[in-house]
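Just the one chain here, the form predicted alone, laid out as structure tokens.
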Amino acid sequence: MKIVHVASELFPYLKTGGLADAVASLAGTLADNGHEVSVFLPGYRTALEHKDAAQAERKLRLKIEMGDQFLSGDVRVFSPRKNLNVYLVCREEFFDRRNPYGNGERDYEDNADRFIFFCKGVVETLRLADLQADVVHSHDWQGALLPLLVRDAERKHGVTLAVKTVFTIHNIAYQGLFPRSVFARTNLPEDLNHMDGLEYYEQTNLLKGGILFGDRVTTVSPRYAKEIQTPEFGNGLEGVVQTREHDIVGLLNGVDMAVWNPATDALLPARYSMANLAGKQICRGELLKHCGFAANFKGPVFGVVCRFVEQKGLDLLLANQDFFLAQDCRLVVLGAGEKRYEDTVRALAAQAPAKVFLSAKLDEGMSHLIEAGSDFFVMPSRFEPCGLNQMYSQVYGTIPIVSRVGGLIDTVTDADEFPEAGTGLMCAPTAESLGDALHRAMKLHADKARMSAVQRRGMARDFSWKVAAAGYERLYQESL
């Protein structure tokens, strides 16, 4: 099949979270399976500066209609592996920025124009380069206009750009919600500017377009596919999702074992496997030393890697700060995002520098070291469409402590509830329930035989993209 993916992030060129890992791994696995795969990404500065893009060929000059004006841009393409091409849709005014969506305090004011231009650039490239896609698969609100724009361009030009479109919701909390006046820049038919189209309470909702008009709609775990049809998790779009209940399917993301594998991970000070965990102890010692703690500390190490946003339950973690101050344990936190969370975690680390460490930045190497060197990985998300870190943790023999929501339910089994099958500890997304799980972790850590059994069960699970991509291949084939 000829498969086109469209996303605002792609590892290793631009990453703020799991979207980049998921799209890169899915596209790479499909390419390895013999499909012709193209991935479209905005031409961010970091992407253009990446070594893979050094030989990028300027493929096209673009002239994109945006409302009553035309904006120029260009498309560059390179091939990082067999059967995989990466297309960068470039316009310096929009994408020559280090950060993709905002400055950390607020979103960029021109985000609507930036990603409408990006989507239109993709469609124009599909037409001019005659890619003849079987499937165009777009992701999240930044790519949500693709199903509409593809069909509109086909109607205008009398061509077929894609046999089928697929749209994936990675996180329904982020919807691409803009003033209603933004609709004019899409140049779509005016009959789509109402409640059965992109209009949403007198605003323009880009995510809504992908949900309503993709031939197939997916999300990133079976549980989340059900959750987003409820008021609790649908963020106001549950009724829209319900209209597609027969077309929506939840497919779990996977782990890219070329990147996240403790037996081969070049970012670790030592490698290890389920058969020999000696390297994990070396990683643990190096993590402790890096944080300024004693390398021979015997108590449990709790790791956290996340974006500092409300979704990730940092307030629930901080509500349990007395636990980390009172217990014989260590807490290592890596992340960046909203200043209020960073300031609070920084204050805790300053209050107890012998127990709590914060690295307030995006650091791929440090994230690998935390996954390998921690005993427990704490992930108290208020909602979690799929989650990857709980899977990374199990692969790395680190026991996840997670909320009973979304993909966390689909990928973790509570070791107290199911003693013979458990791979982690689960709690409700409340401060009290998380506190109980942390105390249960202390007990588990004290029982070395049981701790080892839980670790090894997690490491034995197959979260690889070989399994995950097969579900997408079936979906594509069934749709064609």
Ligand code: ADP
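Note that residue numbering follows the sequence shown and begins at 1. Note that the coordinates shown come from a computational prediction; the quantities given were computed from them, not determined experimentally.
One more form of this protein should be noted, the form predicted together with the ligand, which is absent from this view; the next part is about it.
Three-residue candidate spot 335, 364 and 379; every residue lies within 4.5 angstroms of the ligand in the model of the complex by at least one non-hydrogen atom. Partner contacts here mean any heavy atom within 4.5 Å of the ligand in the model of the complex, and among 344-352, 303-311, 184-192, 229-237 they occur only in 303-311. For the candidate set 162, 123, 388, 116, a heavy atom within 4.5 Å of the ligand in the model of the complex is found for exactly one residue, namely 388. Think of it this way: in the model of the complex, the ligand has a heavy atom of just one of 392, 94, 141, 87 within 4.5 Å, and the residue is 392. In the model of the complex, the ligand sits within 4.5 Å of a heavy atom belonging to residue 15. Contact between residue 10 and the ligand in the model of the complex is not found at the 4.5 Å heavy atom cutoff. Residue contact with the ligand in the model of the complex: residue 396 places no heavy atom within 4.5 Å of it.
Within 4.5 Å of some heavy atom of the ligand in the model of the complex lies at least one heavy atom of residue 19. Residues from 251-281 that approach the ligand in the model of the complex with a non-hydrogen atom within 4.5 Å are limited to 260.
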